[in-house]
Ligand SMILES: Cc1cc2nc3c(=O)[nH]c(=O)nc-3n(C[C@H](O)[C@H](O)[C@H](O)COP(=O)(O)OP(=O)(O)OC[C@H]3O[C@@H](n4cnc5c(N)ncnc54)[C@H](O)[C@@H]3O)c2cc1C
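What follows is one chain in structure tokens, specifically the form predicted alone.
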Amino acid sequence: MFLNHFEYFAPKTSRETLELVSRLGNKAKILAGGTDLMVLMKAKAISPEYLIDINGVEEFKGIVCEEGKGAVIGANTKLAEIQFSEELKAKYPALAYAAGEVGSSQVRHMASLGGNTCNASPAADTPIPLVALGTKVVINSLSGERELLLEDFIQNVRKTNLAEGEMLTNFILPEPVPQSACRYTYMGRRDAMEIDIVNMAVNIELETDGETIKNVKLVMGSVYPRPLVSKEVPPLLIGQKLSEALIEKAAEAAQGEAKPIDDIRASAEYRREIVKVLARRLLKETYDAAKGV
């Protein structure tokens, strides 16, 4: 359980950080909270030659939430800050709730939103509502910056769209549209301090009549190597008023798309059943929230 030998850097500015990322390349890892990184290093799953500690770089932290302009969250913003942000709880309750369900209080005060994303675990909590909300990530390098939808950023287990010399610096959340709501839920083996068996987020926008579904996005976690955006649910629900029969059809469609595996936490068969249960529950809850019920 000993760490490998490595060289440690603690930059103070974003420019200094990007210079290190460019110069050290794939031999280096970014240290934000370290709650995932240290576990992987102790298990010898990774052995970086260099660690770049970004906790002294204020530019990578913070929440900017403006009315009508969505929100920008720094990659090294701690999950506890997101959990307790009154602005985020009001505007993006699914994200605030998901952040509050990660690990223990101690973990949430260390773990960062960027780390929870770049770790690219299929069971991670925060990427699922972020994808449902249409979040973009900002990726920086010495050559400039680019933006990418989060659902295209996470590519596989422990694999992201980051190229050598690049790092994730910000999350951009769009302004929620009127008569819409996004909700998140999960199922685990116990109520806290566990890895999700299945997690899910639903985002629903209604037409001006307040009942007809205009847009819907259902995102599943722990059932695919990356956040799984349903392609079957929207055609079933868009243009319709939600009913018990439609909820059942949509839940069955989501269940059919899930491609879970057997592991120590649950069987693939059980996970597929949970997808259906969560989809039923979350579609109704989100629809009612969008209606203002």
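Residue numbers run from 1 along the displayed sequence. Remember, it's a predicted structure, so these values are computed and weren't measured experimentally.
The protein also exists as the form predicted in complex with the ligand; that form is not presented, and the subsequent description refers to it.
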- Item | residue 112, heavy atom within 4.5 angstroms of the ligand in the predicted complex | yes
- Non-hydrogen atom contact residue 85 with the ligand in the predicted complex at 4.5 angstroms: no
- Residue contact check: residue 257 to the ligand in the predicted complex, 4.5 Å heavy atom: no
- Report whether the minimum heavy atom distance between residue 37 and the ligand in the predicted complex is within 4.5 Å. yes
- Looking at 150, 204, 124, 223, which is the one with a non-hydrogen atom within 4.5 Å of the ligand in the predicted complex? 124
- Query: Exactly one of 96, 172, 102, 187 has a non-hydrogen atom within 4.5 Å of the ligand in the predicted complex; which residue is it?
  - Reply: 102
- Among 241 to 249, 227 to 235, 27 to 35, 258 to 266, which stretch has residues whose heavy atoms lie within 4.5 Å of the ligand in the predicted complex? 27 to 35
- What are the residues of 149 to 182, in order along the chain, with a heavy atom within 4.5 Å of the ligand in the predicted complex? 162, 167, 168
